[in-house]
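A single chain, nothing else alongside it, follows as structure tokens in the form predicted on its own.
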Amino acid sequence: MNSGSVLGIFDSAELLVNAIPRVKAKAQGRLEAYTPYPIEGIDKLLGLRKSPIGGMVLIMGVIGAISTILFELWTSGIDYPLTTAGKPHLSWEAFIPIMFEVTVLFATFTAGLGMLLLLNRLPMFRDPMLSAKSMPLITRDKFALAVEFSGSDLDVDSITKLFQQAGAGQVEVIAKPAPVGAVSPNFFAGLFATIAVSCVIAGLLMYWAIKLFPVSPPISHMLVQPRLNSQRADGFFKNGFGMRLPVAGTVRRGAVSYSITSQENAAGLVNPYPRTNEILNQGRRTYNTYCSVCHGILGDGHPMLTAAYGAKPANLVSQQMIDLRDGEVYHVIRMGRNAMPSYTADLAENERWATVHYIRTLQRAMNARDDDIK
């Protein structure tokens, strides 16, 4: 028989570990161990090299991280720049989540495919061990050591005696599989025919599934739960309306009523907050977050937006704006003007007045006088 490998079956891991050096010193061929669970140090006894999977994963993870950050910098900063909340186009901090995900993706695929295809060389449908009668024993509670064919014929008798002397309870000789011949055209024809038939069957099944079940909500209990829809009629209340008006004369807790309807009438309002460093820092943060996108960092009306933005923001450091009272500037922030929306819902009372103080600071800085230089 043209042997592919000789397999020795041992009853314990200790017998297997003790047998490896004896068999390795006298048998010609490649040694391979098969165990139902990992045995520490057995790779060194067999002379196996350290697995390169860690280095492969590290390299591909670094490649994934670098390629992703470069791609995001190019798309967001060069190819299709978008200004979001006044941030620079190359805001690399926003790219970290995607960079992390692609790094994990590269590393995971490298670990899985590298281990299976490159290191373990799977799938191996013609591996001689697949035909071994001892395979059910190895996968349960027995331990096996194989001397496998590596180019020259094996001396089956001497290897069998060597296994028996080392304490093997059973010895099995596994035939070497016949060499793989050329693939016939009929194989490819059958493969493509199988794929085509599978696609047709899958398409028909999907077609009839949609026909029979046109509506299949995945979480139906969320659609039928009792709730009160806004802007819809509801029979719970006598008037039939779902939305309820607040009680007449009530004011939201913490809110201050604001009855001024024009910018001119707001001229008499006085900024209730002192111009301290804390207030100015608050105003600077609020201005940079909400106002600088349109009015510019310096307040000179040069927006960070592209030419697609059609409105023309006001120049906050012009003489016309300097002549406005604090109350008039506050009124525009609260109520909006022209293309500028109201920021009542976005800014608290102290933030609006702090922004007014910071605008005055910008006006003074951009229109400095000689006596400001000390």
Partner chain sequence: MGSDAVVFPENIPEGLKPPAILVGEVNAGGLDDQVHSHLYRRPPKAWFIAFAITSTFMLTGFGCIGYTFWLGIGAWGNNIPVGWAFDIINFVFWIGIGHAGTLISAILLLFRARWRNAISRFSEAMTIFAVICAVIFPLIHVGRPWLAFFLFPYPNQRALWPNFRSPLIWDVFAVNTYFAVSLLFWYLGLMPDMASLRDRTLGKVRKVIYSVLALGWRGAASHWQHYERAYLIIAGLATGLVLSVHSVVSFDFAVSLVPGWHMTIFPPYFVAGAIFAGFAMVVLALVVVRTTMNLKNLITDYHLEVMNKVILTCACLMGYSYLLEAFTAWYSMNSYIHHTFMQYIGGTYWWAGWTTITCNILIPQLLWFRRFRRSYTGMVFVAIAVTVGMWFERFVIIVSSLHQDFLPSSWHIYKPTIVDFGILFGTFGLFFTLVLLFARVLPVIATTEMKMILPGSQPLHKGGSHE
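Residue numbers count along the first chain shown, from 1. On a predicted model such as this, the values are computed, not experimentally measured, just so you know.
Just so it is clear, the following notes concern the form predicted together with its partner chain, a form of the same protein that is not shown.
- Of the candidate stretches 157 to 165, 292 to 300, 187 to 195, 84 to 92, only 84 to 92 has residues with heavy atoms within 4.5 Å of its partner chain in the predicted complex.
- When you look in the predicted complex, the only residue of Val171, Met115, Ile260, Leu280 with a non-hydrogen atom within 4.5 Å of its partner chain is Met115.
- Glu32 is the sole member of Asp326, Glu349, Glu32, Asp346 with a non-hydrogen atom within 4.5 Å of its partner chain in the predicted complex.
- Residue contact with its partner chain in the predicted complex: Gly336 places no heavy atom within 4.5 Å of it.
- Mapping the unseen interface onto this chain, Tyr80 counts among the residues with a heavy atom inside 4.5 Å of its partner chain in the predicted complex.
- Looking at Pro52, you'd find a heavy atom of it within 4.5 angstroms of its partner chain in the predicted complex.
- Its partner chain is not drawn, but in the predicted complex it has a heavy atom within 4.5 Å of Asp127.
- If you check its partner chain in the predicted complex, you find no heavy atom from any of Glu264, Ser342 and Asp370 within 4.5 Å.
- If you take 86 to 111 and check each residue for a heavy atom within 4.5 Å of its partner chain in the predicted complex, you get Lys87, Pro88, His89, Ser91, Ala94, Phe95, Pro97, Ile98, Phe100, Glu101, Val102, Val104, Leu105, Ala107, Thr108, Phe109, Ala111, in sequence order.
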